[in-house]
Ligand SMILES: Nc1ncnc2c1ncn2[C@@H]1O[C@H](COP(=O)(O)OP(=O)(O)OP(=O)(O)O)[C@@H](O)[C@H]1O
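There is one chain below, alone, in structure tokens, taken in the form predicted on its own.
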């Protein structure tokens, strides 16, 4: 006999209307399924987001089929990587964040010791200089404005960092339809004061819908949003093998990886507990699934002078 929908099951337990006339096996199966979908992200098919460091490879004359990423370069006020000219060649938009203009003006000619400094400075002219303008030297500002560079003075805005201001400009410049196809490369984002680094990492989370990569001579950092599964293509000639996955902002209850020396399987990560640092890539591809946003970092190899000059 099938149970009536208001039959009491145990002390104070009443069978709900939605399960009242179903066989017990169906009820159990449905409860198990609902618990799995709500409680286990792996049951949901996630779109795969692909990542690579192809911007550290010399650009080719024509993009490979299927490649749709367009690069924008932001230079911050920290020592710029030796491969900055390579990032420049890959980028369609170049923005100096305030004192980042000083860095390019002073440091880039040193990468080309056999060329005229003035020629180098003219060659690496930005599309825009933006920031609160408290760091750029007057002679540097005069030089670039003399070349016709656009300058946006945001000295009235002391609530956001110079990187935030530049990313906001790029976001508006590209528009909603192109946002997913733009990758912002940030040179000089790491090193120096820790609070500046923390501010730059915070920008990754403030603009989590955009691809933003923080770069130094030693490593790169970007966010792996929890809204996607991730496939990271390893260009072993320029990056690796050391890498890490770090939960910032909230713990990760479950993270699963492949392609690492020490893989994670439904592993909990949090500060005060396990954090996957000093890991090593073991192949050409790393995959990551997580219920939380994670920071991915991987070491950048010391590119030889030949490799840098060949571009």
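None of the values given here were measured: they were computed from a predicted structure. Positions refer to the first chain, counted from 1.
Below, we turn to the form predicted in complex with the named molecule, even though it does not appear here.
- Taking the partner from the other structure, the named molecule in the model of the complex has no heavy atom within 4.5 Å of any heavy atom of residue 73.
- Within this chain, residue 110 is remote from the site of the named molecule in the model of the complex, having no heavy atom within 4.5 Å.
- Remark: residue 229 does not count among the residues lining the named molecule in the model of the complex, judged by a heavy atom distance of 4.5 Å or less.
- Residue contact with the named molecule in the model of the complex: residue 142 places no heavy atom within 4.5 Å of it.
- 135 is the sole member of 135, 235, 202, 181 with a non-hydrogen atom lying within 4.5 angstroms of the named molecule in the model of the complex.
- Proximity to the named molecule in the model of the complex, defined as a heavy atom within 4.5 Å, singles out one entry of 171, 218, 197, 106, which is 197.
- Residues with any non-hydrogen atom within 4.5 angstroms of the named molecule in the model of the complex fall in just one of 112-120, 221-229, 93-101, 145-153: 93-101.
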